[in-house]
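Heads up, the chain below is alone and in the form predicted alone; it's given as structure tokens.
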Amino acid sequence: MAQPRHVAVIMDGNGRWAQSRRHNRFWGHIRGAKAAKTIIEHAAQSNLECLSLFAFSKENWARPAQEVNLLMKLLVKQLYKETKTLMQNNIRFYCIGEKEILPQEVQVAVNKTEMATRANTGMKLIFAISYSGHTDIINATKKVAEKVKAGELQPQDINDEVIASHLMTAAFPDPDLIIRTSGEERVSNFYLWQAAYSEFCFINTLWPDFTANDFDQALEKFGKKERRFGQTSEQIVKTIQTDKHRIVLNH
């Protein structure tokens, strides 16, 4: 069964989870952080190469100021609290997004966590904070345009690889699987370029109730998919047979 290299998760439903239990929305975010810890550790133990968590979108800044402030404080608390867990599981932490507009205390916590885990060689954990797929593509386009203007790149040489190499995710493989919880079926401005050939798994479960078993079931469904990337099934089978033949010959 095929295994994904990179799984991305849109963690949705914290507020609705709390409200359904007559708690305030922030209680849902606290429980959501616990769910994230469970999934991060489980994914690392499953030998996943990359795990992306959509923690806070650029659009989320429009939420009530009190909720945003509490979310930022929770993020800082969790980063410092879970650094030991990241080290124990050999996880390297990365943050993508417009980090320069994050509160100073968040920027410091993010930088310290990235530095503390920089020598870890296990799973890459990517937090998307203040992230926008549109902004990611726009900024990449600007960088490419600057290179063209400087004569470092010719317009006719611009291709998929050139654009991808200027995205915030240039150091990671594109996500093979994107999971979204809470029953919503949209990408919400997340990994717009990178998701071109991702498989999607939309789950009704609200994020605080999402378990390691739910994660494994999503991976199992992914493993049953035939990923053709524009080719036919016959071409895929032929490629697999050719690769197997080469392996036999090389041995």
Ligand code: IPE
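Just count from 1 along the sequence shown to find any residue number. Fair warning: this is a prediction, and the values are worked out from it, not measured in the lab.
From this point on, the text means the form predicted together with the named molecule, which you will not see here.
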Non-hydrogen atom within 4.5 Å of the named molecule in the predicted bound form for each of H6, K124 and Y191: no
Listed residue that, although the named molecule is not shown, lies within 4.5 Å of it in the predicted bound form (heavy atoms), from A43, A33, A55, A218: A55
Going by heavy atoms within 4.5 Å, which of 86-94, 155-163, 106-114, 67-75 lines up against the named molecule in the predicted bound form? 67-75
Can you check whether T205 is within 4.5 Å of the named molecule in the predicted bound form, heavy atom basis? no
Closest heavy atom of R186 to the named molecule in the predicted bound form, within 4.5 Å or not? yes
4.5 Å heavy atom contact, H23 to the named molecule in the predicted bound form: no
Look up in the predicted bound form whether K37 has a non-hydrogen atom within 4.5 angstroms of the named molecule, and give yes or no. no
Heavy atom within 4.5 Å of the named molecule in the predicted bound form: which residues of 12-43 meet that condition, in order? D12, G13, N14, G15, R16, R25, H29
